[in-house]
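Starting off, we have a lone chain in the form predicted on its own, written out as structure tokens.
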């Protein structure tokens, strides 16, 4: 049961709900009783995205131009700006894009999800193949409407010696879920899977990931941080599976969140499933408030309390931003964080 299937068939019974373990905190079936009508085609200009002019733009589920897939041939290096734009109020649409990296290819994918209308339902699926010794850095920024329901799913398959570096920055919506599923072959492949959610008002964001180690000697390093205030709700679900025979796996996961108001909520479920011997795996999870001692220390130096809180919060999230390798994307991510904290 997926949002993709529900949009395709018009059948709300295809929506995942709270009886599905992986969706119990992001219930779509209980929220959507009737799907909005299909989104129309939009032919006008939609401007630039947060990363600048885009090479690939998908508006209301339709990919503009003649490209059916994003392919980086073996040995080539590219930077591509990819935009998913929802531009029609109270409508629904789905999109799918295939991304393929040949052996030894390098791709920096600057991806944005943008709401230019209200109350839409949007689903996006990326199927990504990263060839042997290839490298993908994917940075995702979301700017969805507060009344929207959105799901973005990336299904990633790695070759031997491949490298995936991902950073997701989620601003939330009425319901927003960003899911990543990685088939990890081991054999020198490396994964960095980072994310941050900054939520206010009644926004909801769900960062869900599953990394399955199927071979010997793979590395996964995952860091997620969240900040929620007002009546917002953040969800983190991270699962790392080490299959039988995937010895010498090195997998580490951390999730840390700040709750800045009494009515905000964070639900976290970090998981390790280990069926192999001789592995180094660990996970950690903390949820709390700002450090009052650090806040006092800054205020003693004449910094007003709102500014002091913003500085501490920005430093907390900054660890995720600083791990972004692409300089321009790192600057765009820092601006995204500053804008939300300033708000």
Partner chain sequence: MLSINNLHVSIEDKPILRGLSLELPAGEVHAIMGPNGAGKSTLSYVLTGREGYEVTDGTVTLDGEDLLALEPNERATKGLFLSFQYPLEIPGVPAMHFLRTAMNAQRKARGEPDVGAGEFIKLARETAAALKIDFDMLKRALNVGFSGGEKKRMEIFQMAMLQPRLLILDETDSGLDIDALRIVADGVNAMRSPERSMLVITHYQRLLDYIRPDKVHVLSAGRIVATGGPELALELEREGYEKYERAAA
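Numbering follows the first chain given and starts at 1. It should be emphasised that the depicted structure is a prediction, and the values quoted were computed from it without experimental measurement.
Only in words, not in the display: the form predicted together with the partner chain, which the text now covers.
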Report summary line: Within 4.5 Å of the partner chain in the predicted bound form by heavy atoms, the stretch out of 25-33, 58-66, 278-286, 302-310 is 302-310
Report summary line: Only hit among 294, 274, 42, 46 for heavy atom within 4.5 Å of the partner chain in the predicted bound form is 294
Query raised in the report: Taking 4.5 angstroms as the cut-off for heavy atoms, does residue 290 touch the partner chain in the predicted bound form?
Result: no
